[in-house]
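Shown below, as structure tokens, is a lone chain in the form predicted on its own; questions about how it binds or moves come after it.
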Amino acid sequence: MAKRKHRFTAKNADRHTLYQLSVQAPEHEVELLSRMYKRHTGKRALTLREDFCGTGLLCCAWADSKKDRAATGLDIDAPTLAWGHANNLTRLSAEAQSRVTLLEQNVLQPTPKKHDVICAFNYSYQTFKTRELLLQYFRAVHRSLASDGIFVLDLLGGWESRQTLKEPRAVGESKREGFTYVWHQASFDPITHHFLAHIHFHFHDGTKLKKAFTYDWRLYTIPEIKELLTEAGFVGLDVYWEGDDGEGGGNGEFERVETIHDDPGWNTYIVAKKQPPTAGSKDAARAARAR
């Protein structure tokens, strides 16, 4: 009997495909962004801008979710944008493709078009290692939002995020179809908060794709992010925390919190609002109760 070949090996695997399979969850993010915007405005979000969009997978999922939705993705890496156009955008219907725009543009430049939602996921904005640059980015986002728009970022933290470590995770349901994703925190400087990490991929045939992606960031804290967002002009800030799965891990469900217990390793979302909540929204009801 002939031996079945593995789908993924270091020779044939595409790093963007591996990243999308192991890191991204676009349908979950579409639902999350929709819920956050409706809570603030009472309306359905129609326009999305995905900053540091990479392959534009989330943009495509957003446009594909509703026929009246449009998405714009910004990134400065032309080859990655081209990959996303060839492998993600072309999988949509022609009509849906017409509602997605992938631009080679620096996120520090505001876009003339205003958006209901702007997001910066996978901690990408932490590439701005100085307070001045990050504030400039947040101000550009503020100028690019519609009057009742929201800006959503994710952030990682906890003392485990400051350790040198490797975290392997199996991806796929079978050896033939699967591989191992390895998150490698290579170094952390407690004085500067300089954080260096890599993503490696290991395959069932024994081959490896080392340093498929490298991240050279400043690891920011929640108070720092909130203070900079306020300085940039945002008037309301919420923190959404992931629930516990009962075994010390996250359950994938995020709810708004005011305070939280200490946690060795966490992922959270911060929601920044351009103006006070719309009358009749859940945010407005919450503000009325607080008064």
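When you see a residue number, it is the position in the sequence shown, counting from 1. All figures in this text were calculated on a predicted structure; none of them were measured in a lab.
Although not depicted, the form predicted together with a small molecule is the subject of the following passage.
- With the small molecule omitted here, the record of contacts in the predicted bound form names 121 to 129 of 142 to 150, 121 to 129, 163 to 171, 184 to 192, defined by a heavy atom within 4.5 Å.
- For the residues Q105, Q136, N87, Q97, the 4.5 Å heavy atom test against the small molecule in the predicted bound form is passed only by Q105.
- Between the small molecule and the residues A197, L74, L219, L209, the one pair within 4.5 Å by heavy atoms in the predicted bound form involves L74.
- In the predicted bound form, the small molecule lies farther than 4.5 Å from every heavy atom of S22.
- For the chain shown alone, Y240 is not a contact residue for the small molecule in the predicted bound form, no non-hydrogen atom being within 4.5 angstroms.
- Contact annotation: Y215 falls within 4.5 Å of the small molecule in the predicted bound form, judged by heavy atom distances.
- In the predicted bound form, the small molecule sits beyond 4.5 Å of every heavy atom of C59.
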